[in-house]
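In structure tokens, one chain follows: the form predicted alone.
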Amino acid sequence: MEEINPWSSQPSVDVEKLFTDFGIEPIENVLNLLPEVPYFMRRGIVIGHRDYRQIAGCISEKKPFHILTGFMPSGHPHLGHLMVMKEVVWHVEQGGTGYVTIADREAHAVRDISWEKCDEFGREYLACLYALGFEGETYFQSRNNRLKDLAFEAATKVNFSELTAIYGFGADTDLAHAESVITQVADILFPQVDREPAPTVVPVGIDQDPHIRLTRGIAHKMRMFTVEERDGYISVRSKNAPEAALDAVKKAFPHAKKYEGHVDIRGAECADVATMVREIERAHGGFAFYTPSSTYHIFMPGLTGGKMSSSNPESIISFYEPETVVRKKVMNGITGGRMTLEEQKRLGGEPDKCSLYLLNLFHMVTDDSELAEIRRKCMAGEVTCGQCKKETAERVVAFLKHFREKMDACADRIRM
């Protein structure tokens, strides 16, 4: 199987192979379950999911769910970070309880970022979130003692050979790096400890799937019971439950029979049994986690090609760059244009290869019909790359001016 490095600034991920190897489903399979489809799903920015049906069900039925994501403060935030923030804000608007972690332990362990810089960059990320309208809980990993306790519990369910298989860790891997991975597992599970257990969705880039797979496995291992629907009955099987908890399951259902290590229940719905078992588990000191769900979005393309990453300053547009620098970067961006003007008019451009068109698709053009017209003109050869760059530069400059004002206005909301 393909090994994925979540910390690479230039990840090479075969999306189709990743979906096949690791069981990620196309997002198109669940769009019909949503009351409304957000633009980042309509436009093919979010392309895959794990177990999103339960989240779509919560949205449709107005049931509780959590939405969590995290940001590693290894540099100043830029346009490449906005998509996952927008996903979080949208899910909160749909009724989700929002959580955002600033992964300063990861930044310190993996990128050797000083704690002072982690604070500085972290505040900027939070300002971006609040500028987008985020409402919910935020925290820094290093300051959350309940998170650290949860990470310790999670660490009892994983060994180093498993981390090696997932991440390629070896003899030279720092223990702090491994610990930062377990802290991220705790981040994903933390909303279900801080609030009630509920379905939780984690929007991430495709390269972050190893964290999701690891957490889903650990969440399952930390349950006291499994609930299985069998031929004509429901079987509640103990994994590490105390005998008193198994007795409570038997007592909760009038047509239940208790055996060694499991209780079989007839005449009940599986969903109802699962809900009751979760309550019993919590009453006996268990976590009763829902296995977390996830969505996967494609990378925001860098202006110079590849992923938009702080390690390549020319590839990014950050939020406090001077207007002259922003215009220069946009005008120098890689496009999907032809070699000559004659070829451009005859063959048309290739918008899907153009960093500027994708910049418009991700953030700058909110109206679908306007974006479709930009695409049509490009492919018909009715517009030159130079003209399109100038128009895009104007959009970016206007967007950044407005966004910076909103970020500055949110500064007093940031709590360390």
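Position 1 is the first residue in the sequence shown; the rest follow in order. Keep in mind that this is a model prediction, so the values were computed, not measured.
Only in words, not in the display: the form predicted together with tryptophan, which the text now covers.
For a residue to qualify, one of its non-hydrogen atoms must sit within 4.5 Å of tryptophan in the model of the complex; none of Ala154, Gln192 and Phe289 qualifies. The listed set Met300, Val277, Leu129, Val202 contains one residue whose heavy atoms approach tryptophan in the model of the complex to within 4.5 Å, identified as Val202.
Between the options Ala103, Ala219, Val89, Met224, the residue in contact with tryptophan in the model of the complex by a heavy atom within 4.5 angstroms is Ala103. Here the chain stands by itself, but in the model of the complex one stretch of 232-240, 308-316, 182-190, 267-275, 182-190, has heavy atoms within 4.5 Å of tryptophan. Under a 4.5 angstroms non-hydrogen atom cutoff, tryptophan in the model of the complex lacks Cys58 among its neighbouring residues. For Leu68, a non-hydrogen atom is located within 4.5 Å of tryptophan in the model of the complex, even though that partner is not displayed. Heavy atoms of Gln141 reach within 4.5 Å of tryptophan in the model of the complex, making it an interface residue.
At a distance threshold of 4.5 angstroms between non-hydrogen atoms, Leu79 is out of contact with tryptophan in the model of the complex.
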